[in-house]
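A single chain comes next, written as structure tokens; it is the form predicted alone.
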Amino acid sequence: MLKNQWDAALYESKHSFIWQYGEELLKLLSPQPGEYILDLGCGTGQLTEKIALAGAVVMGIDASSTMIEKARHNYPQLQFAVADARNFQVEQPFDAVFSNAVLHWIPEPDAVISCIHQALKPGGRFVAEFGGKGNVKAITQALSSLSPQTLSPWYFPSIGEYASCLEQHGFEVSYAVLFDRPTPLLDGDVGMVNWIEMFASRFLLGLSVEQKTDVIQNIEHQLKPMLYQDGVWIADYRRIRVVALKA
């Protein structure tokens, strides 16, 4: 969930791994028929629909109006709304809040966790996965070396840091894990270019087309020995996965 607008078409066509990997998180959520579930940072709605197919009553929210517009087009039978994870309110509390590949974009975890806590029923569960400590470390180092004046847009906490935040806001953490998840990118040789254009475009702001090309080529040169195998770019993802209950 970002302040700026996502390219929904690029997201769907080149980055489907985001919700495909998220299907594993749905097993941890284990949505039940009749449950009232919030998909926080729903993107274009693929996982929202899967929650609904389990029989739950689901609502998807995202800060990007372009994503919500696409989600409504994809799944007109479901409920979606534009909302910011840091200050949203709900009309009735949820049994569960689900979030996949979103919270590393929001460097104000206390505001987000406070909103999630208020959105849940007593005993309600929060199930999330996002970038954890060390996520895309090699990519970040390469970007920062070529654009040192650009601040990282990401929040990648350790288990201890994030679990403490949850506990301070009235959650009981029942499960937390940090794990490596090397992630193949689509489209072969241009996989890293696609990733940078989608997720790290702020490092290229203000550059001409020629300058952008030079920067990306330099990044690829730095990363190729580590992250390029058999014609495929592999992003060095590291994820944190948590389940917490509202006390």
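When you see a residue number, it is the position in the sequence shown, counting from 1. Predicted model, so just to flag it, every value in this text is computed and none were measured.
Below, we refer to the form predicted together with benzoic acid (BEZ), which is not included among the displayed structures.
A.B. asks: I need the one stretch from 74 to 82, 106 to 114, 129 to 137, 88 to 96 whose residues put non-hydrogen atoms within 4.5 angstroms of benzoic acid (BEZ) in the predicted complex.
C.D. replies: Checking each option against the 4.5 Å cut-off leaves 129 to 137.
A.B. asks: With heavy atoms only and a cut-off of 4.5 Å, decide whether residue 237 touches benzoic acid (BEZ) in the predicted complex.
C.D. replies: Because a heavy atom of residue 237 falls inside 4.5 Å of benzoic acid (BEZ) in the predicted complex, the answer is yes.
A.B. asks: Just to confirm, residue 156 within 4.5 Å of benzoic acid (BEZ) in the predicted complex by heavy atoms?
C.D. replies: Output for residue 156 is yes: heavy atoms within 4.5 Å of benzoic acid (BEZ).
A.B. asks: Answer for residue 199 alone: is it within 4.5 Å of benzoic acid (BEZ) in the predicted complex, judged on heavy atom distances?
C.D. replies: The answer is yes: residue 199 has a heavy atom within 4.5 Å of benzoic acid (BEZ).
A.B. asks: Considering only heavy atoms, tell me if residue 36 and benzoic acid (BEZ) come within 4.5 Å of each other in the predicted complex.
C.D. replies: No, no contact at 4.5 Å.
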